[in-house]
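Take a look at this single chain, the form predicted on its own, given in structure tokens.
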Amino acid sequence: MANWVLRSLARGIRTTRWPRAEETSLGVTPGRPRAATGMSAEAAERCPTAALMPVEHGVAVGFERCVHCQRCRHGATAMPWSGDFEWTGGGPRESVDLPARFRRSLHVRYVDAGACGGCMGEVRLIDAPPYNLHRFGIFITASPRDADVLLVGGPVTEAMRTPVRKAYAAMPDPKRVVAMGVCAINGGVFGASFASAGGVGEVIPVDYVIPGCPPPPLAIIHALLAVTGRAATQVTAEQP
């Protein structure tokens, strides 16, 4: 026990230096496929969610549908794969970044609207020592009445439609909504049905989206920085 304590004190808290420095540690992101020139349609046929699309010059990628199954990563028709995590894109609603006063004081309310649990697991890590969300002046709040950002995961089940609407209505202006993961963007593997809205945008306005299934902690932090204009949004589709 004593040796464990001494080693911990000597090592200190190893918080990532991103975004000031590039983060290259193993395991911080599952990566994602990239659009490729000269690829055959066979590569797209292996995708179970139609995230890969054959086009004239190769295979395009729609990140809003990619669930990181990695079927396209191996074999003779393997797609090129990146190790990035800055995935946040603009949502259906054309919105501007929050005013500068939110850059060092942003409060976030997370709502699990019917997710499988994967997104919840990643959200719980963003304030852990390796990522330390608080260093950016971003905090998780228990009440939507104190929230500037509503972070929603899951395809919005029928039972969660009203709670999500009430949470959004309780937030003070200006407020922003971030759809976290492909389920929150368009229903993901659950899709739209009698029990699922098929995406947060079917219930409340969405300002930003985070592709991924689930998005890793640094992708979530990137989205929250983008909300305040401290990070740039990315495209959610690529052509070869």
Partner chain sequence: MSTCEDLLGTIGEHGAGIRTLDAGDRHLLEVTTQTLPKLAVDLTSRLRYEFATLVVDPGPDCSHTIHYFFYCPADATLVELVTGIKAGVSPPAISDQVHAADWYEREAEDMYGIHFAGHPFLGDFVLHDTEWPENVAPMRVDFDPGMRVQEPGLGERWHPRRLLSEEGALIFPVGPIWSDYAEAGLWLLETPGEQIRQAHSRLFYKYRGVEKIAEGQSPQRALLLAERFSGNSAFAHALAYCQALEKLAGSQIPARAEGLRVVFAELERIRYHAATIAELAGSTALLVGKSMGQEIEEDLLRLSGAVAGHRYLFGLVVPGGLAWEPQEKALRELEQGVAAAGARLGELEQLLVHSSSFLDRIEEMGTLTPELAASYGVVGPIARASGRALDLRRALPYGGYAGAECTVPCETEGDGYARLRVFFAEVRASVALIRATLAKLPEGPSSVPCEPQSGTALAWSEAPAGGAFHWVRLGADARIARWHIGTPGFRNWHAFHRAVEGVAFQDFPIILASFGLTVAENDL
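This one's a predicted model, so the numbers in the text were calculated from it and none came from an experiment. Residue numbers count along the first chain shown, from 1. In this text, the rigid core denotes the largest set of C-alpha atoms whose superposition between the two forms falls within 1.5 Å.
The same protein also has a form predicted in complex with its partner chain, omitted here; what follows describes it.
Scan P174, P48, P54, P205 and let me know which has any heavy atom within 4.5 Å of its partner chain in the predicted complex. Looking at P174, P48, P54, P205 one by one, just P48 meets the 4.5 Å heavy-atom criterion.
Only one of G137, G83, P80, P130 comes within 4.5 Å of its partner chain in the predicted complex by heavy atoms, so just point that one out. Of the candidates G137, G83, P80, P130, P130 is the one lying within 4.5 Å of its partner chain in the predicted complex.
Although its partner chain is absent from this view, report whether G198 comes within 4.5 Å of it in the predicted complex, heavy atoms only. It does not: once its partner chain is placed as it appears in the predicted complex, G198 has no heavy atom within 4.5 Å of it.
Counting only non-hydrogen atoms and a 4.5 angstroms cut-off, does C213 reach its partner chain in the predicted complex? Yes - in the predicted complex, heavy atoms of C213 and its partner chain come within 4.5 Å of each other.
Does Q239 reach its partner chain in the predicted complex, with heavy atoms at most 4.5 Å apart? Q239 lies outside the contact set for its partner chain.
Spell out, yes or no, whether the shortest heavy atom distance between P30 and its partner chain in the predicted complex is within 4.5 Å. Result yes; P30 sits at the interface with its partner chain in the predicted complex.
Non-hydrogen atom within 4.5 angstroms of its partner chain in the predicted complex for each of S40, S95 and V235: Verified in the predicted complex; spot residues all out of contact, no.
Residues in 43-71 with any heavy atom within 4.5 Å of its partner chain in the predicted complex: Read in sequence order, the residues that approach its partner chain (within 4.5 Å, in the predicted complex) are P48, V67, H68, C69, Q70, R71.
Align on the rigid core first; then say whether the Cα of A21 has moved by at least 2 Å between this form and the one not shown. Comparing forms between this form and the one not shown, the A21 CA shifts below 2 Å.
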